[in-house]
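For reference, the chain that follows is the form predicted alone, supplied as structure tokens.
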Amino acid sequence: MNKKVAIVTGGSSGLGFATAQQLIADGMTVIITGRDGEKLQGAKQSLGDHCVAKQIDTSDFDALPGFIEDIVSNYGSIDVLVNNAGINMKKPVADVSNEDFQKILDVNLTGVFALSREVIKVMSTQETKGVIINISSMAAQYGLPYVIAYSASKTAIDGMTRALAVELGPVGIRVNAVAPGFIHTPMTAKALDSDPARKAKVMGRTPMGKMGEPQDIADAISFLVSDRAKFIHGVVLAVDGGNSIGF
């Protein structure tokens, strides 16, 4: 994978940081993005010289074309895009305003589409086309209460993944998604630690009896973007300890 260039959105912590770390170990130059400049610089320092930190909000749609042009100008290609950036909101549906709902969609769905579109324009002109990985969720596998906007956004991500795969397969761009189960991250801790009943339910229906680690997601992404997965296309891969099939 030497000389390949990857973008990992939301790469300063959690799943994004673990993914960036793994892709760097695989020999790539990795551009991590995020909205918090201080967190980004801290992550870049930890990840080392093969990491580049770019402060950008993926819901600032007008800024995305220039961001991609800058990467191509400096690094020559984009070989991997990992659409990891996402936000959540836990509220009863009656308390979710139109603005609340739209904010989640802007980051989790429209931002993924807008950034992917700009990257696809680049990948389609390259000799080695590239791979796009979207981050889905268990919220797209079954109904979860109090996260209506998040669930809607991640279900749409699964549909977008399949639609892009069908359209882009003929030109050589592979598109897949990874659906993390319940993974030890700050976002998951915030959602579960305040809700012991939900946490018990999560553990009770996970056949492996434990939560995953960010590295489990990073390993799956590392495989999917490699030539070992060259005929895997249009799938939503659950990395969940069996949670999605647990009873």
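The first residue of the sequence shown is number 1, and the count goes up from there. It should be emphasised that the depicted structure is a prediction, and the values quoted were computed from it without experimental measurement.
We do not show the form predicted in complex with nicotinamide-adenine-dinucleotide (NAD), though everything after this point is about it.
Verify the contact flag for Gly48: yes if a non-hydrogen atom of it lies within 4.5 Å of a non-hydrogen atom of nicotinamide-adenine-dinucleotide (NAD) in the model of the complex, no if not. No, Gly48 is distant from the partner.
Look up in the model of the complex whether Ala20 has a non-hydrogen atom within 4.5 angstroms of nicotinamide-adenine-dinucleotide (NAD), and give yes or no. Ala20 lies outside the contact set for nicotinamide-adenine-dinucleotide (NAD).
Evaluate Gly130 for contact with nicotinamide-adenine-dinucleotide (NAD) in the model of the complex, applying a 4.5 angstroms cut-off between non-hydrogen atoms, and reply yes or no. So Gly130 does not count as contacting nicotinamide-adenine-dinucleotide (NAD).
Taking the shortest heavy atom distance, is Lys199 within 4.5 Å of nicotinamide-adenine-dinucleotide (NAD) in the model of the complex? Because no heavy atom of Lys199 falls inside 4.5 Å of nicotinamide-adenine-dinucleotide (NAD) in the model of the complex, the answer is no.
Stretch in contact, per heavy atom within 4.5 angstroms of nicotinamide-adenine-dinucleotide (NAD) in the model of the complex, of 85-93, 165-173, 71-79, 118-126: Within 4.5 Å of the partner lies stretch 85-93.
With the partner left out here, if you bring back nicotinamide-adenine-dinucleotide (NAD) in the model of the complex, are Arg35, Ile135 and Phe182 all within 4.5 Å of it by some heavy atom? Every residue of the spot touches nicotinamide-adenine-dinucleotide (NAD) in the model of the complex.
Heavy atom within 4.5 Å of nicotinamide-adenine-dinucleotide (NAD) in the model of the complex: which of Pro207, Gly66, Pro186, Gly27 fits that? Just give me the one. So the residue touching nicotinamide-adenine-dinucleotide (NAD) in the model of the complex, by this definition, is Pro186.
nicotinamide-adenine-dinucleotide (NAD) in the model of the complex - contacting residues of 43-75, heavy atom within 4.5 Å: Ile56, Asp57, Thr58, Ser59 sit within 4.5 Å of the partner.
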